[in-house]
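Just the one chain here, laid out as structure tokens, in the form predicted alone.
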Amino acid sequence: MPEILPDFSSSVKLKYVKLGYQYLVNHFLTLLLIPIIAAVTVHLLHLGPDAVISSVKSIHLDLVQILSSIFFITFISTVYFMSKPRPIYLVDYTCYKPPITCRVPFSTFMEHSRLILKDNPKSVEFQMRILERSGLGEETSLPPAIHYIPPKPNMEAARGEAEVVIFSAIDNLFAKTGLKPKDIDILIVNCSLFSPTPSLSAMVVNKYKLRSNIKSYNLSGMGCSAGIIAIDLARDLLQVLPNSNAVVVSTEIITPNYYQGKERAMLLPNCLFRMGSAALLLSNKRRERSRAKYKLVHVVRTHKGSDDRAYKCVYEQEDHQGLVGINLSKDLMVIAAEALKSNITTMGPLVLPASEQLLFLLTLIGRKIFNPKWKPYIPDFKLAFEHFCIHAGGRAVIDELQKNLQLSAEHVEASRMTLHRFGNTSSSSLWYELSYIESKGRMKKGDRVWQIAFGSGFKCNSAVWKCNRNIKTPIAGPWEDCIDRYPVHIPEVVKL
């Protein structure tokens, strides 16, 4: 009988084949140059030192040629260094930690819902079902005005919440970095749904008596992804303002946006959104490089607002009773997936190793030329990043991204635990997640972080950071009294 060939698919570990392929493609130029350099070195050794010296002496250059060459090299070097973007560093950041008095356990939330919606038990039951499957824990917080029965969402209470969450975060940032108010050159505050006059940025200028020539910006109406938009704006400003510091504050004020009507699509945000705020210090100063935590590498923004369905999937409106709330469309997850696809299509070439880009290109060509039914190749973004901070907008958002990007449970752990402990804090949630990773002692020098956020409009925005130094486990912060308890098991349904 003929000898049976071994089953190579089982005898050879294909992961090592893939690793070898990745190494070959990613280091192609290095592997190509090594034999060329070796051949040149052998040839020079074969000629001997006398022959090499005589060859160099045979080259005759006059003074004009030498000076012209020096000028040309100097000119090219000057143009290169002047056109090179300034490095932007994240010196440090802080997150607001709500007091225990603001916590809203499930029992408290449901009791309030029953009293506020006593004439509509179906809406109460709907909120209970959402809360059971939300992924939130028992320690999330709502502002004091929402604790009243009925809630008192007036302007004074809203300003009070804004002052507490914003000033607390900035005060902690000043204490943590040693920054003084007079050292701030740029101030950017983003808050989507609360936009008073004077603005929140003016409120900060007044509180800390900032300089009269400060570049101050207030971003509103841009949803949960506005934090990355603020970072992008700060980056652009720091490119044209040398030797400057920028303070970015990301928050969402819950008080004036707590919906008290009966529309189910507008009751959903009540179950998910909670108090939170983050303040961060960005700088382009060279002296900040040694102590800065991270360096900004890329910002990629995707806007699908030209599509009517995407534009209206997160929409502030009045219900039939005239009560204002945020309507979340049933198509939200589909639209978010489309926005993510566009965003990672732009992000991929910037961050993926050559091996993944080549596989993606070959699959794309194969589908176009040979067989459109070929399964599209999904690049492995785990080769480009060590950490992922996915906006904690809800359990469904995290589940979909984990599935589409083929991430492990550990990769999405920071997002799930942030949602459980703090709820959806809107644009600031990314910083609670980054703080979680640091509090677990997982951040090392050279690690790359991908922050992904979604927002109304509809937008999907990404920021890529590179860890600038080894980061010690922080003593203080939003996780200081609970990090040892995490991660926790979060059941699919928590029966209330």
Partner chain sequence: MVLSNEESPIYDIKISSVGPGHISGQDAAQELTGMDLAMKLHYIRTVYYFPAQAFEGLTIIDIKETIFNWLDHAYIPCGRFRKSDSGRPYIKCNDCGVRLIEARCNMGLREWLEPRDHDDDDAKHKLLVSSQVLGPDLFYSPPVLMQLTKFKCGGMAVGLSWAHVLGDAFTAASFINLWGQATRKQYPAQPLRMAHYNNEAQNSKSPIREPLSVKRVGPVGDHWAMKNETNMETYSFYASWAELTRLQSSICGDKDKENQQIPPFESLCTIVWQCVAKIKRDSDVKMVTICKKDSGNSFEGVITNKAQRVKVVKTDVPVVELSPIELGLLIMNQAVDETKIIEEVMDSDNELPDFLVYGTNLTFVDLHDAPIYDLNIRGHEPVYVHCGINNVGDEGVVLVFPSREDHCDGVRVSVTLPENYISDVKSMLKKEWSLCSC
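Numbering follows the first chain given and starts at 1. None of the values given here were measured: they were computed from a predicted structure.
Note that the form predicted together with the partner chain isn't included here; everything after this is about it.
Stretch-level contact check against the partner chain in the predicted complex with heavy atoms at 4.5 Å: of 146-154, 212-220, 380-388, 269-277, the positive one is 146-154. Note on the partner interface in the predicted complex: the residue among 101, 290, 243, 77 having a heavy atom within 4.5 angstroms of the partner chain is 101. Exactly one listed residue, out of 236, 119, 111, 308, brings a non-hydrogen atom to within 4.5 Å of the partner chain in the predicted complex: 111. The closest heavy atom approach of residue 164 to the partner chain in the predicted complex falls outside 4.5 Å.
At a distance threshold of 4.5 angstroms between non-hydrogen atoms, residue 128 is in contact with the partner chain in the predicted complex. Remark: residue 115 counts among the residues lining the partner chain in the predicted complex, judged by a heavy atom distance of 4.5 Å or less. For the chain shown alone, residue 472 is not a contact residue for the partner chain in the predicted complex, no non-hydrogen atom being within 4.5 angstroms. Interface residues of 315-347, taken as those with a heavy atom within 4.5 Å of the partner chain in the predicted complex (partner not displayed), are absent.
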